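Take a look at this single chain in structure tokens; it is the form predicted alone.
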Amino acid sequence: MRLRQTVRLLPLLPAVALLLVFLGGPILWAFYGSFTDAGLTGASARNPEWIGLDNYATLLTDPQFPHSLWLTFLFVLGSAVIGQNCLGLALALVMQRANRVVAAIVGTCVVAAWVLPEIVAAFIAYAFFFRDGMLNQLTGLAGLPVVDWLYEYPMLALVFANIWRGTAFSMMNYQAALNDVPPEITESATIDGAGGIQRLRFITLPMIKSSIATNLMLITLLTLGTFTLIYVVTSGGPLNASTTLPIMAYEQAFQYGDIGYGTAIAVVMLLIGAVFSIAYIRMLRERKD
């Protein structure tokens, strides 16, 4: 019996080996680098020294760290947990009831933003939100005053840009989940007098709750590591008003040359992502039980 199980696991060994080399290896190296004074140039770049927890002690006393942590929380909550998740579910519900032409048009428009290379999507978002961009041109036609979105409301602009960029992922996940809901159950509820909101609340959402938890986990992790969109649109400015943890890690490592300190920030992000993953996985197990 054990021999059969071992034989069945043999085809997985190449995949496990690749994961250990290309995923586990960099993670372990990042942990090691965060305990050194590795630099981008100079003697510390050639021969970094072990400094223990000094980088983490510096991080805890850095006034920029709690600010960046708070901005990262707002960005993930606003653009992923609320924005992409809720809008993706709403679009999936609408497309389920719409005719094929409307569903195809909506689906194409939403997915187009997702399939674009991230750098291209970031430049489109910048062109939309900057002072002389399309948004102010459209609001100007309505007689509204010009707003410098990237200077006055940088995080709000980034949240909306990331919602536009990533909603398609949630929409497609929920489309697949809704297709698995037996139509007989909703039809029976309709016959019994349940309205649309009641069917959604008491039938549809409970039946796709595992998909909701999975989607939340994936978009949370994807949004937590968002770098290109923020760097292109605002570069963390103005005056660190949109400096999330990925931007802070990049600045410390490659602008200020402190690779060890930047790696420590990246490790903190890794641990935050692990906490979210464990929480979502436990949520899934509890609901299955």
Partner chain sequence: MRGIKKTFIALTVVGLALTGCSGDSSGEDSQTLLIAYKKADPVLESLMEDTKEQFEAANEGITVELSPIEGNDDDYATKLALSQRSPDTAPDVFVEDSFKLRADVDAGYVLALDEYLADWEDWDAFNETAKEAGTGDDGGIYAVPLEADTRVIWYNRNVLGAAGIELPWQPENWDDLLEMARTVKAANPDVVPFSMYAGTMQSFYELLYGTEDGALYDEDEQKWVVGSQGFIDSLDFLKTIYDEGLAVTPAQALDPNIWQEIVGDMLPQDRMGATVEGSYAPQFWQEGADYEWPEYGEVMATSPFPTQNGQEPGAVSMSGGWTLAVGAGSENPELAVDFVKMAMNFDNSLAYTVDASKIAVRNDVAETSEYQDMNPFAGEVTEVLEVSRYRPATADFAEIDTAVLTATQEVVAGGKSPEEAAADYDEALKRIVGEDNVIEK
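Residue numbers count along the first chain shown, from 1. Worth saying up front: this structure is predicted, and the values here are computed from it rather than measured.
There is another form of the same protein, the form predicted in complex with its partner chain; it is not shown, and what comes next is about it.
(request) Using the partner position in the predicted bound form, report whether W70 sits within 4.5 Å of its partner chain, counting heavy atoms only. (result) Outside the cut-off, so no.
(message) Using a 4.5 angstroms cut-off on non-hydrogen atoms, would G225 count as touching its partner chain in the predicted bound form?
(response) Yes.
(message) At 4.5 Å between heavy atoms, is Q252 in contact with its partner chain in the predicted bound form?
(response) Answer yes; at least one heavy atom of Q252 falls within 4.5 Å of its partner chain in the predicted bound form.
(request) Spell out, yes or no, whether the shortest heavy atom distance between P238 and its partner chain in the predicted bound form is within 4.5 Å. (result) Judged by the heavy-atom cut-off of 4.5 Å, P238 is in contact with its partner chain in the predicted bound form.
(request) Decide if the three candidate residues R46, P63 and Y151 all line its partner chain in the predicted bound form, where lining means a heavy atom within 4.5 Å. (result) All of them do, each having a heavy atom within 4.5 Å of the partner.
(request) With its partner chain left out here, work out from 126-134, 177-185, 193-201, 83-91 which stretch has heavy atoms within 4.5 Å of it in the predicted bound form. (result) Of the options given, it is 126-134.
(request) Would you mind checking 97-123 for residues with a heavy atom within 4.5 Å of its partner chain in the predicted bound form? (result) Sequence-ordered list has one entry, E118.
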